[in-house]
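In structure tokens, the next block holds one chain alone, the form predicted on its own.
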Amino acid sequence: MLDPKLLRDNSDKIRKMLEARAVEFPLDQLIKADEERRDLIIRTDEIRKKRNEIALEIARKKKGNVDVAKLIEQMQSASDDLRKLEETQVKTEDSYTKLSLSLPNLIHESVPIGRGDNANKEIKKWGKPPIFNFKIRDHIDLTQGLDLVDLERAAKVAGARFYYLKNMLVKLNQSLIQYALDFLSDKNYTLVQTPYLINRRSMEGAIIAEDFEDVIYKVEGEDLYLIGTSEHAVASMHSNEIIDGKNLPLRYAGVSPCFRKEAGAHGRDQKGIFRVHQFDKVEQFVFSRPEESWNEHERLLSIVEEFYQKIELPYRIMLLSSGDLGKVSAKTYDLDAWMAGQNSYREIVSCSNCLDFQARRLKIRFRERTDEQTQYLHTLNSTLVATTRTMVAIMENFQTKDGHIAVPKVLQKYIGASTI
């Protein structure tokens, strides 16, 4: 949610943001709803004041045995007017709230304008794609050959894009999680295993819910949604709280399964475990002072890079363009890992600064002293590891001539083997 003052004082800035994002949004309707709701607040306050004054006058005249019939009629008329205005006010507030919650975030000035691969900006590359002296396979063929995944039986019990991990791939999955938790724990992150379901109010605080209706799973008959990432649950942890500024930044490592409908996959992505409905993830989430959030954003990215360098996965860093930027984010870096079996870089990490957008929706503020005015803080998030996609990259890049998979050195102590 954006600062309402921006809507009133600098709506042109919002129009430019919408144009850069190529998003159609009824901004004039939102501006009108804001004007109407503020006008209604003034009018209802005036009628309440008038009604209170009449009530006092009635009480005073009754003490003097003066006829108050006309005043009672005026009182009833004021009450009727107030009731009608309050009904209109509720409808106007609902319209304003719905629109304001669907308005995207502002865009940082460094974000390139445009959409698609040509608009996204490559920041850097690290590592060299491996060179093989044998015919390589993608992860789908590798997992079938080593009996690491059962897709057919998963489809039988759950549907397409679910899977059974088997044998050593189960251990590799858990090894990535454990290594990620140890890695962030050494950097003084607070480890959090979150709820896997949250209510709509919490979900709407973290995302623009209407854009995710076709992506997230809802529990029928209950006010509960399966989380698409632990970011949603961690963001909501401190909703309606005032945080002591001396404790900022708060850095969390959220671990959870993630559940997504993943509509729109095509080709080989419909097979294997690259694009699936359920996967495990360790997420970084930071609550920051506003003036420190851009440094925190770069710090998140540096931590991600260190993690993948230790796993020895070649990657590139992409700065997303305005048209590809998530609506909640003001700036996002993607880390794309090299997938040898696909002969391309594929996104496995998203690292975003959301400014005060989520904090306003969730009413999360901070102050240094109790006598200070509160401020909205900034929130940032970044994948550290989404295990299925990272395992795809490991399998394809570390495959051996005899059809096995070498385990990255940093993971060998966790998995207890050097080869799968």
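Residues carry their position along the shown sequence, with the first being 1. The term rigid core refers to the most C-alpha atoms you can superpose between the two forms while keeping them within 1.5 Å. The shown structure was predicted, so the numbers you read here are calculated from the model rather than taken from an experiment.
Keep in mind that the form predicted together with the RNA is missing from the display, and what follows is about it.
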Option touching the RNA, based on a heavy atom within 4.5 Å in the predicted complex, out of 242, 170, 158, 209: 242
Interface membership of residue 72, the RNA in the predicted complex, 4.5 Å heavy atom rule: yes
Residue 8, heavy atom within 4.5 angstroms of the RNA in the predicted complex: yes
Proximity of residue 65 to the RNA in the predicted complex, heavy atoms at 4.5 Å: no
Residue contact check: residue 45 to the RNA in the predicted complex, 4.5 Å heavy atom: yes
Interface segment, criterion being heavy atoms within 4.5 Å of the RNA in the predicted complex, picked from 23-31, 350-358, 367-375, 380-388: 367-375
Triple contact flag 174, 191 and 218 to the RNA in the predicted complex, non-hydrogen atom at 4.5 angstroms: no
Residues in 37-62 with any heavy atom within 4.5 Å of the RNA in the predicted complex: 37, 38, 41, 42, 45, 48, 49, 51, 52, 55, 56, 58, 59, 62
Displaced residue check between this form and the one not shown: residue 54, CA, 2 Å or over, core reference: yes
Flag for residue 80, CA shift 2 Å or larger between this form and the one not shown after aligning core: yes
